[in-house]
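Heads up, the chain below is alone and in the form predicted alone; it's given as structure tokens.
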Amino acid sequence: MTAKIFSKKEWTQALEELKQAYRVFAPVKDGDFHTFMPLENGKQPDFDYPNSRLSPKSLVYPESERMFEFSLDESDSDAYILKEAPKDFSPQAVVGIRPCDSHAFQIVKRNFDNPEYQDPYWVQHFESTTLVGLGCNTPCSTCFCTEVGGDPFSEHGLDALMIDLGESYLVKALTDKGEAFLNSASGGNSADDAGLQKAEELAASAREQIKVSVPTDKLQDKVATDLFEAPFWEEVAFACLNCGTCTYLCPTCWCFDIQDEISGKRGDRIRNWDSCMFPLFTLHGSGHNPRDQKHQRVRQRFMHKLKYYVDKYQDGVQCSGCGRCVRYCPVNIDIREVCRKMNEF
């Protein structure tokens, strides 16, 4: 596979040219945070960032997505008939995604694209997307990707990987999609041994910077009902506000709700992100709510990620170690501590 070194100016220029073939998304400084935005209307990428507050999962799985549209006007020949809403599945490239967020797509893929069920919208969005990663030279203090099957320079699930060498980027193609993307980028020179060696040194240094231990080795052997009845859930949930920040920032949360929205005589059926932390999430039409208590909802979140997912897929936890929920929880609930409690119970 091709590997090239671009000066930072050359890479920015190459991305501008690639907009002719792709919808290019990259991290853009947006106030105090970085957000993945389309490189249009003069927006410039900023790859000197720790991680985005919101993961780029919405580029494949939008917060709100029109699924169908319908008419309530009886004079229309197609009144009351659901028609699929227009979608844009044209090629797009997400440039500068962190390896933890790429790992998250592989976790979510098990839910939306498996031998039994395929979500046509998620699958088509994902298949039309080229993921160009950016290695983490300096992981955040809340990062723990190495503890959940990831790595600051992991190539898993990526089509290409960027490595910041200081004055330049080393960009390696990893798949056919990545090869096509890189070959379409003008400029750059073939990577030399010195550049490849420096990239390996940066990767080794980044791994050493992650000091936290998040044990997960005993989770699969636990009896689910024993963990469900564990005495620590009230303590874990005590400070929780049920605000949903953790689930909306999480790159591996996939819950959604479907609602019909009507304006005049036109309507849309829309899929919206939802959260197991919300009291209405499990509210039945009868009025009964099997998780009407806060600790029950908190327990569901952690049991799903750290036990139910583990038992179902037997391939790690439903967490990529990005640390967003740790950084932004307003009451400092830490998934690493909850995981330790569950693993040692």
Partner chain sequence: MENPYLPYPVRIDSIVTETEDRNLKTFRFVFINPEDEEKFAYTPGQFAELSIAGKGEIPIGIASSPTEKGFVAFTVNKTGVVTTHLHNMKEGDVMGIRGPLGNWYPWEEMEGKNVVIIGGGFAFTTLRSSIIYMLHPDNRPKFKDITVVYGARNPGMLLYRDELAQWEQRDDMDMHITVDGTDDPDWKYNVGFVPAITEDKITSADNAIATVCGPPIMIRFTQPVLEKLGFPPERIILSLEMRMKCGIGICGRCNIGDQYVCKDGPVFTLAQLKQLPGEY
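This one's a predicted model, so the numbers in the text were calculated from it and none came from an experiment. Positions refer to the first chain, counted from 1.
Form predicted in complex with the partner chain: not shown, discussed below.
**Student:** Only one of 205-213, 243-251, 159-167, 267-275 has heavy atoms within 4.5 Å of the partner chain in the predicted complex; I'd like to know which.
**Tutor:** Of the stretches listed, the one contacting the partner is 267-275.
**Student:** Of the options R53, R291, K43, K29, which one has a non-hydrogen atom that comes within 4.5 Å of the partner chain in the predicted complex?
**Tutor:** Looking at the other structure, the residue within range turns out to be R291.
**Student:** Could you work out which of E155, E234, E179, D119 is the residue within 4.5 angstroms of the partner chain in the predicted complex, going by heavy atoms?
**Tutor:** Spelling it out, the residue with a heavy atom inside the cut-off is D119.
**Student:** Given that the partner chain is not shown alongside this chain, does F70 nevertheless sit within 4.5 Å of it in the predicted complex, heavy atom to heavy atom?
**Tutor:** Although the partner chain is absent here, F70 would touch it in the predicted complex, with heavy atoms inside 4.5 Å.
**Student:** In the predicted complex, is there a heavy atom of the partner chain that lies within 4.5 Å of any heavy atom of Y308, even though the partner is absent here?
**Tutor:** Yes, Y308 sits close enough to the partner chain in the predicted complex that at least one of its heavy atoms falls within 4.5 Å.
**Student:** Looking at the partner-bound form in the predicted complex, is F126 within 4.5 Å of the partner chain by any heavy atom?
**Tutor:** Because no heavy atom of F126 falls inside 4.5 Å of the partner chain in the predicted complex, the answer is no.
**Student:** When the contact criterion is heavy atoms within 4.5 Å, does I262 count as touching the partner chain in the predicted complex?
**Tutor:** Yes, contact at 4.5 Å.
**Student:** Answer yes or no: in the predicted complex, does the partner chain come within 4.5 Å of a heavy atom in every one of K8, K19 and K57?
**Tutor:** Answer is no for this spot.
**Student:** Which residues, if any, of 283-308 lie within 4.5 Å of the partner chain in the predicted complex when only heavy atoms count?
**Tutor:** Stretch hits, in order: L283, H284, G285, S286, H288, P290, R291, Q296, R299, Q300, H304, Y308.
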